[in-house]
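Below you will find one chain, with nothing else, as structure tokens; this is the form predicted on its own, and questions on how it binds or moves follow later.
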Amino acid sequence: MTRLDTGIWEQLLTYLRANHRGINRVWFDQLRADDLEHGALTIHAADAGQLRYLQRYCSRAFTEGIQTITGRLLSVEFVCTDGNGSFAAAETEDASEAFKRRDRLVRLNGDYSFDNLVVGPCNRLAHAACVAVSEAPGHSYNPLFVHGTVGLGKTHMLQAICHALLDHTPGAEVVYLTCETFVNEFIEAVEAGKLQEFRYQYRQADLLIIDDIQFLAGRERTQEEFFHTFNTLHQYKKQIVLSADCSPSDIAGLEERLTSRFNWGLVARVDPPCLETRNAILRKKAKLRGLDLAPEVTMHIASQVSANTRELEGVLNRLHGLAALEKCEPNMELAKAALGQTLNAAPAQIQIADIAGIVARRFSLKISDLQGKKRSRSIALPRQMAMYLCRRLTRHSLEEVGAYFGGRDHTTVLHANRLIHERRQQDDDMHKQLLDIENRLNRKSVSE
């Protein structure tokens, strides 16, 4: 049996990459094809795992491709031979276990879809980027890095990408997991001597999503492994989506080469939702639970809980439970009771005004100086330190912080945050000053 003409085989692979991105695998270059005989193209897989994948997902695409290239009505057959030349079964124990392992990684919440996500000023950029990634993985933004504090809907958006991609490309290999799981899997693979299997399961993905990537910090060997996984996927235009509680540059203990790669694509921040968005979130989640809440009830809850979406959902759950207990419809009285449990249990939050007050006293200034237009070093540096602390210790957006300090725009706050972060790493005196201010603020919060 002779090999297929190299030119035709290369055309076929090019056709598949251009028209069927969802099924492409790195190991397609290792496949061997026999010359066309009796109206059929026979393609040899290297092992039973590859054979199983080809038979399950690739027959239509390969057949379409070879017919388009040759202009002939041809069929495609996938086979696999072992070292002795005999045919191997598609289902071997190792291949089966590998696929079961892959399936185990995709655990998605059915409610976390784009249809159920409320979009507002706080998450509009991140949402648009996630939609674009789900429609054209590996091409729109790669990697996509979404960051924000806890409870702002990052996980919802990441899982929505998975749902959307699997809906229109059922054969896509989607791997969604937390960074903690990735780290644990890597450690187990090292201990069991199964690094090759570990690498295969992650580096063959069409879409790799890792939540809370900041937990890679300080783990040198795991960072090394992820670095090579990232490079492999990116080289073959496979989509990478990551989330964290801060931007790549703010993850302490992360190697510079990873920070650089995380910044290659799009870095999208998710801010705490504004009042109108919080109200819309409550209405959406109430509808999903079959609750009919009066507009004044949702608005009252939204005005009282400003931290994050998770706390809003907690109040809604308590309201639902109280209504079931009282055997009545949710009303304002029950909403206040549910809010009372939440607010009494929550520690006092540090406010921008608290930070401004302590910083002003520390440097013998007035708050009006920090909010004014003067740019002398004696005022500008404390102002930048205050902005840095606001980003570090509060949930206020860049726009809200800038507005407090004299109507400055978000880029000014970003610049201040980066400048003070860098100086803190290099200047022991500044680090001690900031640490002292942070301790004072934390003591004030606890005492309240």
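Remember, predicted model here, so these are calculated numbers, not experimental data. All residue numbers are counted from 1 along the displayed sequence.
Another form, the form predicted in complex with ligand ADP, is not on view; read the next lines as being about it.
Can all three of G49, V174 and A205 be found with a heavy atom no more than 4.5 Å from ligand ADP in the predicted complex?
Per the other structure, none of G49, V174 and A205 touch ligand ADP.
Just one of D369, E77, E313, D250 has a heavy atom within 4.5 Å of ligand ADP in the predicted complex. Which one?
The residue from D369, E77, E313, D250 that makes the contact is E313.
Could you check which residue among T149, N142, Q351, Q304 gets a heavy atom within 4.5 Å of ligand ADP in the predicted complex?
For this set of options, the contacting one is T149.
Even though the partner isn't displayed, in the predicted complex is Y200 close enough to ligand ADP, meaning a heavy atom within 4.5 Å?
No.
Within a 4.5 Å heavy atom cut-off, is A323 in contact with ligand ADP in the predicted complex?
Contact with ligand ADP, no.
Give a yes/no on whether L117 approaches ligand ADP to within 4.5 Å in the predicted complex, heavy atoms considered.
Contact with ligand ADP, yes.
Contact with ligand ADP in the predicted complex for Q239, defined as at least one heavy atom pair within 4.5 Å: yes or no?
No, no contact at 4.5 Å.
Within 4.5 Å, heavy atoms only, one stretch in 131 to 139, 278 to 286, 329 to 337, 183 to 191 touches ligand ADP in the predicted complex. Which?
Single hit among the candidates: 278 to 286.
Give, in sequence order, every residue of 185 to 201 that has a heavy atom within 4.5 Å of ligand ADP in the predicted complex, or say none if there are no such residues.
Going through 185 to 201 in order - heavy atoms within 4.5 Å of ligand ADP in the predicted complex - there are no hits.
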